[in-house]
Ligand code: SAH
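Take a look at this one chain, the form predicted on its own, written out in structure tokens.
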């Protein structure tokens, strides 16, 4: 994101527009929605510009501004037909401390003007960073159809009620009130001001008399990385959370679904590296829930698959803290989907074992002979650091050195890549190509494109954190 979306306070500020014609008028029209004082410099003002001058909405000047004209100006629109003149205007404006929008040149802008849905004081801004203004207008039309015309009046009345709502405890209790208030869609479109105020009072009284909700923890599966793979329930809980305690493998896209004012606690773990201990994670969970917060424990993949879910549930149970579990798409399922393969297939494997090559004590030992028996495949989690160990154990147990092995890194993310090799060669391939991202290793499941395919990133239909 190259432009930070902000709303700039314009009361008693000066806006200067340089240029004439339809585009200059459009810049004026946006500025006139605010309480700013607007000055326009134009060689050939439009009829609309003259009309604004007659009504006192703008100050209209002929020609081009001088450096002194930029004194105390906050925002400048350089909308002249000449790029050279626009560059001169921009330079003078910046010298005086103003921010500049240059017509049709996003790379020369300090800010851009988004498409706006105006339900004052409810304002929705839609920006595409100048790349697709027609798309922004289409989105604007869709949102305008969604928002009732009376929404602005309702919002003003709600703003006047904010002082009364301070009777509720700060945080979740107040957000619950406003959540319930804004669900009263019928009041927005039809009710009188007095009826809306009475509705607010009655709702506030119910919330004051209700018992405060205790803190709780929801264990939420964040999936393999692509936020579009989150369940609807997961998205809702992340958005509602007051505290988000998350793992290293949780994608940025999932975290961006949380409210900005939420508290974020990183408890990421990395194989055989520095990490938050399980005791520390348990302490975070208990402390935040006991403080009355709605906590989301966000785990990569599915919480119940190698996520130490039982240990954290036990810690909460010891203190009588309410908890729930929301499953997520585990890496084996997402990896198989990326390969366009089944985890089990007739005449190939009748079963599959999910396993990890290391545990809390180090390398994990298994019944290796049982694991290499015919008719089953393996999905190995957290296997990067222990790939050589895993390879050796399977070969020593009688595994076929030509058994197909597929490694998939950064599953579902834009940088996903994979290769198909053999049991005797895959570990060396991981070392040679420096594969260090989140990895799952499939033993007995191959990519249909064949052994030794390119390790170039696999282009995905959705990105991680950029929707």
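Positions refer to the first chain, counted from 1. This structure is a prediction, so every number in the text was calculated from the model and none was measured.
Just so you know, the form predicted in complex with the named molecule exists too; it's not on screen, but the next bit is about it.
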{"property": "The named molecule contact at residue 326 in the predicted bound form, heavy atom, 4.5 Å", "result": "no"}
{"property": "Interface membership of residue 45, the named molecule in the predicted bound form, 4.5 Å heavy atom rule", "result": "no"}
{"property": "Distance check, residue 408 to the named molecule in the predicted bound form, heavy atom within 4.5 Å", "result": "yes"}
{"property": "The named molecule contact at residue 101 in the predicted bound form, heavy atom, 4.5 Å", "result": "no"}
{"property": "The named molecule: the contacting residue among 90, 372, 382, 258 in the predicted bound form [heavy atom, 4.5 Å]", "result": "382"}
{"property": "Heavy atom within 4.5 Å of the named molecule in the predicted bound form - the one residue of 243, 387, 378, 249 that qualifies", "result": "249"}
{"property": "All of 339, 444 and 447 with a heavy atom within 4.5 Å of the named molecule in the predicted bound form", "result": "no"}
{"property": "Per-stretch contact check against the named molecule in the predicted bound form, the hit in 297-305, 120-128, 101-109, 149-157 (non-hydrogen atom, 4.5 angstroms)", "result": "297-305"}
{"property": "Stretch 419-445: residues contacting the named molecule in the predicted bound form, 4.5 Å heavy atom cut-off", "result": "438, 439, 440"}
